[in-house]
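What follows is one chain in C-alpha cells, specifically the form predicted alone.
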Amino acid sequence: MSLRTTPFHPRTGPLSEGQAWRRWAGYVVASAYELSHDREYHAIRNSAALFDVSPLYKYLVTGRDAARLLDHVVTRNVGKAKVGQVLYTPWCDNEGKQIDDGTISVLGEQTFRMTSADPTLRWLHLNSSGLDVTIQDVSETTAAVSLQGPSSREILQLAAERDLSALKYFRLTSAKIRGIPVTISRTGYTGDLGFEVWVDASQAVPLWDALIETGTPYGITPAGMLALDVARIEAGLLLIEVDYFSSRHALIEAQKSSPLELGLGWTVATDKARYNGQAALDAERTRGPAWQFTGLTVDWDSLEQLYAEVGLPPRLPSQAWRTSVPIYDRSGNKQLGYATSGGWSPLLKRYMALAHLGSEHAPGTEVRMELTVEHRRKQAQAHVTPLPFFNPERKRA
C-alpha cells in the first residue's frame, strides 16, 4: 500500500525545499519545509507556526450511550465534561497499562470526537457491545491544522472575523473562515498558546490559503515535525512508541507503563464508575508508582569538559533525538533508568531530555547521562528537572 498525502498536500508539497518527508499513520508529512528547521521552530515561540496534523486518527462517537462508552474506555471523567470542552486523556488495558493517549472533544450532548495516535476503531467497537452508540472513522474526511505561537490568536481572530479571547484552554467553538465551516479548539502539542482548526477535507486547501494570507503580516510559517519535536520536548509532552510503548505493542511486561508512571496521574479519575484498568490503577495509586517520567538538564560545564578532553568544542545535536539512552547514578556505575527523547532548546539554552527514573529520585538529584564523544561512550553530569521545561503564561491566559 502506498503512502497517502493529506488534504493540505497541494499546498504543503510545493513548499518543501529539501523534500524531507516522513511517514505518519500512512501519510507523508514534512519533517521540515526549509533545509533547516531552525526558523520553523522559532516561529512556534515568537510568531506562529502552521502544522498539518491531518494524519491523526479521528472517530465520531454519537448516540444515547456515547458518553458511557467513552467513560468506560478512557481514564478521564467524560460524563462530567460539558459541551465545548476538550479532554486530554490516556486509555488503558485491564492491567492499567497505557494503550494510547489522545483527546475527546465534546461537540454535543451525544456527539464526541476522539483523536488517537494509533488505530482505535476496533477497541471502541469491542467495548461498545450492548450500547446504543454509533462509531464512525472520520480520519480521512476530517482535515486538521495546528496554529501555534504567540500570534496564533490574532491571526485566527482576523481569519474567523470574531473575538476568540474568551475561548479558554482546552475548549472549542464552531466558526467560519471565509465561509468555510470549521471547529476551532484551543489545543496543541507545543506547550504554547495555540489552536487546532478542524475542517471537512474538501475545504482544506481554501482554509490553508485563508490562514496563510491572513497570517503573513504576523510571520506565519508552515512548520514540520522536526520543529514540533523540539517544542513538545520543551513542553514535556509524551510521544507514543518513543517515550512509552503502547501496551498493545509491548513484547514484554517491562516495556509497559501506566499513566501514573508517565506523569499523567491527574488524568486518572477517582470519581466515576468502573472503567478499563480502574482496579489496577487504584491499587497502584495506593502503593505509589515505581517509575516517574521526568526531565533532565545536562550540565553544560560537564559536556564542555568531555569534548575538551579530546580537543573539540562541545557538539550539540542538530535536531531532537528519539533513542533510548542509559541514565546512571552519580558514581556512574549503577543504572537508574533511561532517557527517551532529548535535544538542545534554542529558547532555554539548555540541553534537555525526557527520562524514566525510579520514583525515589527527587528534582535536583544529580545523575549521569550517557553520550558518545568522538566514538567513545562517556557520561555527562545531569540533574533531575521537573516538567515542563517551558510553560509560558500565555498558554492558558
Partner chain sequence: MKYDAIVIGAGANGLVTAHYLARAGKRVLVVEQHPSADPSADVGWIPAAVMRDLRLAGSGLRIDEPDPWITAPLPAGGTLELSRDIARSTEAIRRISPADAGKWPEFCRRMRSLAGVLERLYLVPPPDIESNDVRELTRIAGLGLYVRRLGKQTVIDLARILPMSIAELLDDWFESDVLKGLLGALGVWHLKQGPRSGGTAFNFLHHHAGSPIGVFRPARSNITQALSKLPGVEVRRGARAMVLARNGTATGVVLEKSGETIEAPLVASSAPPRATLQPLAIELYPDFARAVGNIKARGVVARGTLTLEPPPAYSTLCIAPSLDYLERAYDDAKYGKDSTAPYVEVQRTDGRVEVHVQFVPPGTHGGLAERVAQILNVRPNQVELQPAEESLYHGELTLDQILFMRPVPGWSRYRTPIEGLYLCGSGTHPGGGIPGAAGRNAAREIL
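The structure displayed is predicted, hence computed values, not measured ones. Positions refer to the first chain, counted from 1.
The form predicted in complex with its partner chain is left out here; the points below concern that form.
Undergrad: Residue 165 near its partner chain in the predicted complex, any heavy atom under 4.5 Å?
TA: Output for residue 165 is no: heavy atoms all beyond 4.5 Å of its partner chain.
Undergrad: Please tell me whether any heavy atom belonging to residue 322 falls inside 4.5 Å of a heavy atom of its partner chain, as the geometry stands in the predicted complex.
TA: Heavy-atom contact with its partner chain at 4.5 Å: absent for residue 322.
Undergrad: Check whether residue 286 has any heavy atom within 4.5 Å of a heavy atom of its partner chain in the predicted complex, and answer yes or no.
TA: Answer no; every heavy atom of residue 286 is more than 4.5 Å from its partner chain in the predicted complex.
Undergrad: So in the predicted complex, does any heavy atom of residue 82 sit within 4.5 Å of its partner chain?
TA: No, residue 82 stays farther than 4.5 Å from its partner chain in the predicted complex.
Undergrad: Would its partner chain in the predicted complex be within 4.5 angstroms of a non-hydrogen atom of every residue among 94, 123 and 273?
TA: Every residue of the candidate spot has a heavy atom within 4.5 Å of its partner chain in the predicted complex.
Undergrad: Which of these residues, 171, 178, 72, 153, gets a heavy atom within 4.5 Å of its partner chain in the predicted complex?
TA: None of the other options qualify; the answer is 72.
Undergrad: Can you work out which of 68, 356, 42, 361 has a heavy atom no more than 4.5 Å from its partner chain in the predicted complex?
TA: Filtering the options by heavy-atom distance leaves 68.
Undergrad: Report the stretch among 233 to 241, 156 to 164, 124 to 132, 210 to 218 that approaches its partner chain in the predicted complex to within 4.5 Å, counting heavy atoms only.
TA: Only one stretch qualifies here: 124 to 132.
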